[in-house]
Ligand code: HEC
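One chain is shown next in structure tokens, namely the form predicted alone.
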Amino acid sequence: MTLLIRTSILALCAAASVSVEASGRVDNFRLLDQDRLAHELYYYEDASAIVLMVQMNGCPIVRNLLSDFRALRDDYAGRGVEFAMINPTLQDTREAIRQEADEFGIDVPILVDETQLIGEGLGIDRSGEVFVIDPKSWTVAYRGPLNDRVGYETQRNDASEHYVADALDRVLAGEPVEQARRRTQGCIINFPERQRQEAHAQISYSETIAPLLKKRCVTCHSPGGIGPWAMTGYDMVRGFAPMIREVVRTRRMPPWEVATDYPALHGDRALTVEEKRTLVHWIEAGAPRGDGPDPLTEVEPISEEWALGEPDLVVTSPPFTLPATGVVDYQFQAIPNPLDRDVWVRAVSIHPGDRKVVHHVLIGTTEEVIPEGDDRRFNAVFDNYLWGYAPGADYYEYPEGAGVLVRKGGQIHLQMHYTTYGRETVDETRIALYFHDEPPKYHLRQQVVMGTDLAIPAGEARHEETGYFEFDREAEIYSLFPHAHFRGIATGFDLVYPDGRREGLLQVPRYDFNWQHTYTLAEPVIVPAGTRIVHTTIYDNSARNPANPDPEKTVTWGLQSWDEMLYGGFFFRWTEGTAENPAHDDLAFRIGQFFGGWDDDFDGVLQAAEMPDRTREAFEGGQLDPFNVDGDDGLSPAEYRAFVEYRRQQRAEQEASAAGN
């Protein structure tokens, strides 16, 4: 899997149940293309024009026009015009569209309108139609055929009329298109829901819409929840109906964007294709109330009772005052560990003091006390990681028979991500731990694919970074936690097996820094020794990224949100290891965490150019020659380990000597 996000384009209808040709305005929206990459219309608000062609597999008119479409794109290269296609058909799957693109050399994104909501709004009925969108007003300046070269059972060598090129010239000159609508000859596309508008008005709020919202949305949109408003009844839903329609079509809500043809996930929050259709069609029909009771009136404030029963230990974070507005930096809090004995944790639960402001909490422990102001506080949560909370996931029970060992004393560390909501408040978050009565069979472990040598060029919109961790023995993977900062826009995990076979594990085509999810696999994946888990993230360091703190800065690794990270965490266990016999090599584990992030060409050897500065200087100075056993131009993991062991021994001897003096 190569994750290249080309956040692109498209258009939509403006008012509910009104096509774009009647309303004139094109709403924002987001779709995934043939490679499951996210594209958004308003990302290109600074484009001079947007050209969108309707694609349909097997349509001879579209296929015959592909060379003309490519030539048009090339002619306007450098003039700020963005090009894409849209496929709103019922019959073409994403895989089939990808095959069509490969076979016919389609090298622009084909946005897959699997719900047909966008095609309905645009009033599409045939393939081959081209839309020219003016981003200055977000209106369709022209819609119709590309040119007059291809028609039904006709095809000329050259076109005599160039409708889209003429329209583009007018738009770029700031002038209206003389004939903004022309009839298109193409293959008819079936939009069955267009014939069911009366049925849409009969969709039951009581039996269909309210239960859907209760299932997918109420977790956050409840009294005391993090949602800005609570779904407490029909009147509230009707009032926010246009906003619901917008956030569903732009895929902002629910905040759970994952590729659906990857392994299934536990607790999937996404709306299904049919649920999106139903909800949007109901809103476009005027959000009718109909008959029947209102299930949302039964929505209660979030309970402060512990869902897993009485905890074995509850600790509370230090009080933190949030202002009414503004951005709050991550808080790295520490709580003294009151335990006087070692325990095995089996579950964790979190109750934020103010759920409206707590976006996520990461929890871990250290055996030592790290004072406030010490830089080690930033990473302390990962020393012995326990869990990551996000709205809707109040607790996590570890896999059966597995646990995490927490030593007595030291500190419990929290990474707190807060967001303001218009009123000053004080948060005191409670953390509950549940213990095994006896040591569990398995030791649950957390590892990270980490690339600390980032250098994201200033202004670059599609910068990809990749790293890996190689399992040196059989393992079972349970969950995944991708993490980046403001410039991260897409992320994912693959498995590469010893025989070279590659298998997708998770793809998040629209990563959102504001929602830090742990993705738990519905079924754990067992991988043999020699398997690599590969983590990839795409960064947008351009001015088009509205969250970018500074598009003129080359961004490097750092803990603060204005820096960046390649950070792919995952929970797993060694299949042959137990709590009593861990089968765990801690030094190899630590080296593996960084080695795969530095090994840029994935050849299993660190060449000088891939090494951190100090190591590279030592290698180029010949100091690492004794460790380069095979005499090649780099260090294997075993050779690098020998070097690390040597350095550790040196430091120990120096400390002993200093103590003796």
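Only a predicted model underlies this, so the values are computations on that prediction, with no experimental measurement involved. Numbers for residues come from their place in the sequence shown, where the first is 1.
Not pictured, yet referred to below: the form predicted together with heme C (HEC).
- In terms of contact with heme C (HEC) in the predicted complex, the residue from R126, H359, R430, R149 that brings a heavy atom within 4.5 Å is H359.
- The partner is absent here; in the predicted complex, the one residue of V132, C217, L72, A484 having a heavy atom within 4.5 Å of heme C (HEC) is C217.
- Not displayed here, heme C (HEC) is kept clear of A264 by more than 4.5 Å at the level of heavy atoms in the predicted complex.
- In the predicted complex, none of the heavy atoms of G558 sits within 4.5 Å of a heavy atom of heme C (HEC).
- Residue contact check for F471: none of its heavy atoms lie within 4.5 Å of heme C (HEC) in the predicted complex.
- Within this chain, P228 lines the site of heme C (HEC) in the predicted complex, having a heavy atom no more than 4.5 Å away.
- Of the candidate stretches 197 to 205, 435 to 443, 450 to 458, 228 to 236, only 228 to 236 has residues whose heavy atoms lie within 4.5 Å of heme C (HEC) in the predicted complex.
- Shown without its partner, the chain has M243, I244, V247, R252, M253, P254, P255 in segment 241 to 261 as residues with a non-hydrogen atom within 4.5 angstroms of heme C (HEC) in the predicted complex.
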